[in-house]
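Single chain ahead, by itself, as structure tokens, in the form predicted alone.
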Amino acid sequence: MSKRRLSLQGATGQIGTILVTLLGLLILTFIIGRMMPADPVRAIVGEDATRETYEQVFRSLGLDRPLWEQFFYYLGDVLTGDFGTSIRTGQPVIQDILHVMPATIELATFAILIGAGLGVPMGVIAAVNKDRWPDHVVRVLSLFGHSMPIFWTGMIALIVLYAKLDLVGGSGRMDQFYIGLVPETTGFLLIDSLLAGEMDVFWSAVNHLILPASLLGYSSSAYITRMTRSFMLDQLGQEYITTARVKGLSKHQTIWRHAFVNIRVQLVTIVALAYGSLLEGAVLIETVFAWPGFGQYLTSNLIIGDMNAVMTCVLIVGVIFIALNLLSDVLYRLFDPRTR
């Protein structure tokens, strides 16, 4: 009975923490929207509008009300799923975001698979070979991946691998010839092209995805590599590793069945945070590759001062990180029975 009570209290506390975090996020988003130098009224009516027109739109947006009243109106709209209308497209903001988000999810998912697939083994190799040449090579590669500007590497890669060598696709999600051939069922081009049976479109999408996903993956692998190396070094210095070797376990068994198992929980957090950063931070790579995703949508609306779109994007980024933290907690319980 006491265990059930403790479990219920823990779940209630976690829900309360999430609600408080979401409320704080809404308040922060509202404050950012009001502190931005952009004038939402001027963005709607234009520079040549009369004073009467300006004041009419100003009042219709509720900007003449006190800030606390404006916030409660904003909170009510958000709770009912109304995030406003985009000035640039004239459509509901949430509809625009649902249209562009699959492209970013597709890009970020392949990037994190590459980043984790490279970063985790490289970090383990570096830790096992501490201060030897494999460690130095891995650390140099990580330093390059972390320090080189992603927009610069993107442009260089486009010039060399696409324009000169024609090894990969260029900008956009597919060749211009295939645009409009596949109906938008899920928004994920790879899935939609398979559902439509358009294999030419599928391989064109894969060809265009390889380069930006690889660059983003290499950039995120630098962070994952450094953290994996640090975690492994801490575990390899523990007494149980020495005991395992004394008992006759092989080096491979000691590393992967003992040391690596004990860093899985920490790696879950690192990979989840890296994935969240890719979802909200792929602005530069989407701009370089003309990738019609969330980052490009946020940038274009920020430039013209479309505050409904900008505030909604900021809110969604916060919700993404909250969701990834919840996912990390669930995975903790799967990987480490002590947290159950």
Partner chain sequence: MSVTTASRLRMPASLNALRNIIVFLMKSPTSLFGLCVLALLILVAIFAPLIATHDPYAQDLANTLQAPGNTHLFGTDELGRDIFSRLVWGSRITLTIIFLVSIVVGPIGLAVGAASGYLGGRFDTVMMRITDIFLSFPSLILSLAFVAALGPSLNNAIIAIALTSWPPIARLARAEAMTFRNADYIAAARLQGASPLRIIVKSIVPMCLPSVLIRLTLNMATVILTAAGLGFLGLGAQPPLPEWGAMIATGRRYMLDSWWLVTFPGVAILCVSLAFNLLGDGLRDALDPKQMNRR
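Numbering follows the first chain given and starts at 1. Please read all numbers here as calculations on a predicted model, not as lab measurements.
Omitted here: the form predicted in complex with the partner chain. The next part is about that form.
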{"item": "Three-residue site 35, 283 and 318 fully in contact with the partner chain in the model of the complex at 4.5 Å by heavy atom", "value": "yes"}
{"item": "Contact segment among 115-123, 71-79, 132-140, 193-201, judged by heavy atoms lying within 4.5 Å of the partner chain in the model of the complex", "value": "132-140"}
{"item": "The single option of 148, 105, 210, 236 touching the partner chain in the model of the complex, heavy atom within 4.5 Å", "value": "148"}
{"item": "Partner proximity in the model of the complex: residue 21 to the partner chain, non-hydrogen atom cutoff 4.5 Å", "value": "yes"}
{"item": "Heavy atom of residue 177 within 4.5 Å of the partner chain in the model of the complex", "value": "no"}
{"item": "4.5 Å heavy atom contact, residue 67 to the partner chain in the model of the complex", "value": "no"}
{"item": "Residue contact check: residue 89 to the partner chain in the model of the complex, 4.5 Å heavy atom", "value": "no"}
{"item": "Neighbours of the partner chain in the model of the complex among 86-105 [non-hydrogen atom within 4.5 angstroms]", "value": "none"}
